Structure formats: C-alpha cells, structure tokens
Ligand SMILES: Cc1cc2nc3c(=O)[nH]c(=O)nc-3n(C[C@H](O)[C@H](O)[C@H](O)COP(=O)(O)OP(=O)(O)OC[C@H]3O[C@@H](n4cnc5c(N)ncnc54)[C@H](O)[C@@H]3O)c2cc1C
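Quick heads-up: it's one chain on its own, the form predicted on its own, in structure tokens.
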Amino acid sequence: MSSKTLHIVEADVIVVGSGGAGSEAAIHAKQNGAKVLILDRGTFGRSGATITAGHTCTAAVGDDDTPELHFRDTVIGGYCIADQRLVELYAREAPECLYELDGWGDGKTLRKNENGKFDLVWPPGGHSRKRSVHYGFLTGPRILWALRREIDRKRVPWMENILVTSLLVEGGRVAGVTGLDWKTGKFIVFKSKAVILAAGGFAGLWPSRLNTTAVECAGDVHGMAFEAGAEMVDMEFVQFIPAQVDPRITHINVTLTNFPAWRPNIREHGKFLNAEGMEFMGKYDDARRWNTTRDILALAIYNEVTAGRGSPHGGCYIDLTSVPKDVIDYEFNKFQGGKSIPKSYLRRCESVGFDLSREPMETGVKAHFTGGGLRTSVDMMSTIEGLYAAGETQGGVHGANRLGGNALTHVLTLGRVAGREAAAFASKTSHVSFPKKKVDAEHRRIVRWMENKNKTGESPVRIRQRMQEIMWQKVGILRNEKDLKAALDWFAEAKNERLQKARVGSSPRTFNLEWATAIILPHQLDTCMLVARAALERTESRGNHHRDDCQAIDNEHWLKNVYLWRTGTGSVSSRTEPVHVTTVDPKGVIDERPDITV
C-alpha cells in the first residue's frame, strides 16, 4: 500500500473509546487546548459499559465523609493491593468531578434532595459512609447524556464504527493507531502525539451468557497495548458478581441482583438461599452476610452451585418474599422522597410477570469488571511515552476487588486526568516519525483475511467461542495450576496454529463481524494469556482471585503486584514488586479473608 493511497487522519490526541473515561478524557483534552478526535467502535453515545451502569457512583460528598475515608475504604476493600497513589488521586478528585458533571447537565444530571444536595444512599458493602450519588436506575445513561451534551458544546470531533486494530509506536513513543472503518471497509491511519486508551475492560473474554459487560469491552485493546510494549498490572483480578439468571429478567440491568444488598430495609428481611432452601451466607461471611463484599458473595454462590445445591439455571436465590410489599415498592420504586424512580426495577419486573414479593430471584455468577490493565503513573501515562490509559483499560486502581459504586467515578475522574495530562504532553512535543513499515504490515494482516483462498479452515468466530469457554472453565472464578497451564497451552496453540489456518467465509467488507473477529482475535488471545499467566504467578487467594490449590491469603509473601510485559523476542516476562503504599499500612489494616472451603 503506497503512501499516496493511505487515508491519514491527524490529531494531537486520539481517544479510543467514548464511554465515561473516553468522553471525560476528550472533553478535558480539548479544554486544555489539544486537537482531539474520539474513535468509537460502536455507535457514538450508545456503546461501551458506562451506559449499562445502573444505580450508583460513589464520592465523598456527604457532610460526614472525606476523600481520606473513601481512599481508606477503597484500599482495604481491594485487599491492599491497589496502587495507593492512584487511589488517593481518584478519591480526591471524585467530588469535584461529579459537581462538574452535574453542571454539564445544568444541575439536573444527578438526583438532589430537598436541600439541593446530592441525594445520597448507602452504597454496597465495604463502604463506611453513605456516599452513593445516582439518578434512579438510569445513572449510567444519565451520565453519558451529560457528557454528550458537553462534547457537543465543545465541538469535540468523533468518528463512530471505527475498529482500532493496532498501536503505532516508534522509538519508544506512540505515533498513533490504525483502524478499520466498518461502514466502508476502508483502512485508516490516525496520526497523533498522544493516544488515550479508554476502551473498557476485558470481561467480554468470557462467554456472553456468563458476562455482564458491553460487547465493545472485548479485551483486544489490552492485548494490543501488550504487543506494542506496554507493561500490564493486576491482570489476574477479574470481578465476578451475582447476576440474575432467570430468563424472564436477564435483560434487566445486572445491578438488579445487587441492589437489595444496598438497602438496609431489605437486608433486614431478605435471605440468600440455595436450592435446598437453606441460608448459606453464614458459612462464608457470618459477620457481614448481606453486607459482604461482592467477591465473597460470588464465590459463595459458585461454591453452592458446584456442590450440587444450585437452581435450575445455575444459581442460588435471593429471597425477598418475607420483605413487606410496601418496603419493596418503596425501595425499588420510590425511595427518592416518595417519587417514582425512572425505569424502576420493580416496574420492569412486573412488566414481564415477575413479582419480587412472591417468588425468589435466581442469581448466578458472571464476569463483570476487570481490575487489571495498563500500568500507569499518576499522570495516566503508560510505560510507552505518549500512551495513556483510563477507566477499565487501566490497572492498579482497585487492587484485588472493586467496591460497588466505585466504577463510574473511577472512569470519570481518572479519564479527566488522562485528558488534561495528554493535552499537556501534546502541547510540548511534536509528531514522531511515521512508522511506514508497521503500517504496511498491519494493512496486509487485515486484508489477507478477505483474500484468503482457504476453503476448509475454521471460522474465527468458532475459535473465539471456544476461547471464551476455556476462560470460564479454566480461568474463571476458581482456578488452579493444572487448569491455568492447560489454558495457556490452548491460547498459544490457538494463536499460532488454529488461527493461522482459519478463514473468513463471508465476503462483505462493511459491518462484517466475522472479519472483525479475525482481526481482533490475536489480541484477545494475548489478553487471555496475560490473565492466566498472572493468575498462575499469584500463588494465593485474594479478593477476586481464588485458587483451590492455594486457598489462603498470604500477606507475608503476596502484598505485591504482578507485572507482565512483552520481550524483544515476543515472549512474556514477569516480575513482582511490593505494593505502592502512601498512608495506609497494609499489615495494619487488612482483614483476613473469611474461611471458605472450596
């Protein structure tokens, strides 16, 4: 492909992803003087994980709360594995971020009480203060509405249906990205001084029926960054959470199953039951039960199911039948000053004939949030100069377990930091030399799938489906050395042999999902490898990382982070380093994990 025929788009800062992190990054990069361009894999304003978020985002905005308390709760909730420098930054900037966001919606982005202050409710387990800010059960969509308004006001340009296929790095500095325009089938080069990866997490590496994330959170961007030379951290920590598995209500937001645990009036009466009708949380966290953290609840449900005490659809039950009906109506439909909640869970359940007050809710376990990602400093820059990460694409913020409610404010807050820092970097540097050979190689890699004459090869879609099943069976909520090694062997074989023999059977070059799968699958397999490799390295059980061959939490040897990177020969290297501590001494505060026999 000659330089004359290349389609090149140029900007100071390219933002990959348009959810909470990407939109905040783009707004603040533009606000700080950069020429910005957002690249969205899906439909702008409707893709990514932010829009799927249900009820809450947390920040220290209450009269009895402080960023220091929020910081402490987050560090302890993450089993003291988080980078405390990043957590301090997050907790400190979160209140200002929410006030700014509310202003972008003319003071109507988030719910207020009669005094004009944020209408705070209790967050999920692990928080010590009432710090959940919300907009009924439409908090995520409402946040994205406000972000979109500000993007329009600031005239931030964006392109949708762009599949980013590779990072361009030259001499240790980012030079831009390559992409495929789904609408036209055209290969495009995006030149930039800085790139911000804000493309979500990698929960999509697990089967669609067993994950809660948006389809855009496919995990390929992490593998892409790894291939380009970025260092990764905490890849073993994947949050599996309780989610409804009753087919009648699976379409309702996944926080439906988590919401009862946030409401004291419901916790007072509700029960967690297995298929034998027995309450089981007392075996796993007797002190907290309903107020336990989600990593413990998820493992408890998984353990009951694998022990043969599961429901027909592979879960246990949240039983609210003993909760007074007026309490259910209030908490699920009218808890803001008696006003009805927009799109309330109660009304949506009733619309499909499901009555929370009459029958228990089947609750299984699904991959939800990924704590690992690119290693960054406090300016959000990765180990590649000019390459930034924010949101779930970044690692190090939540440690071994994310507290409920911390996701939205994390992606918003550190997204804005990434935007302003990337703009500052771009303002004092110039574009690096254009890596023409790398661009040509990437173009050949992409178009070869449409020119492949192999008539008998396996579809990349089938390979991806098998990859997802391997992730659930061997790199799921419960792990061990044998399974992890077997998974690593399969990922290597799939990338180096099966994928090389695969073929794309469909010929259209517009919106061809099979072609797109073939393009991103090598990066997805790399990310799977990173998760399994990090899980193999950590020979303990901590937070979201559970191993049945080393079940104890090991504070003596494993108050450390696992770092992974690609060597010059293409292999993966690893090392561990003690956690970054600022003010909270892990040995002085960490709770012992409840004794769980698996």
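Since the model is a prediction, treat every value here as computed from it, not as a measurement. From 1 onward, residues are counted along the sequence shown.
The same protein has a further form, the form predicted in complex with the named molecule, not shown here; the description that follows concerns it.
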Q) Within 4.5 Å of the named molecule in the model of the complex: all of E236, L488 and H545, by heavy atom? A) no
Q) Heavy atoms within 4.5 Å of the named molecule in the model of the complex: which stretch among 488-496, 265-273, 91-99, 407-415? A) 407-415
**Q.** Partner contact for G399 in the model of the complex: the named molecule, 4.5 angstroms, heavy atom
**A.** no
Q. Is Q244 one of the residues lying within 4.5 Å of the named molecule in the model of the complex, judged by heavy atom distances?
A. no
Q.
Contact with the named molecule in the model of the complex for P67, defined as at least one heavy atom pair within 4.5 Å: yes or no?
A. no
Q.
G54 versus the named molecule, in the model of the complex: is there a non-hydrogen atom within 4.5 Å?
A. yes
(Q) If the cut-off is 4.5 angstroms on heavy atoms, which of these, D73, E514, E216, E150, is the one near the named molecule in the model of the complex? (A) E216
Q. Can you pick the one in L167, I162, V189, L525 that has a heavy atom within 4.5 Å of the named molecule in the model of the complex?
A. I162
Q. In sequence order, which positions of 22-45 have a non-hydrogen atom within 4.5 Å of the named molecule in the model of the complex?
A. G22, L39, D40, R41, G42
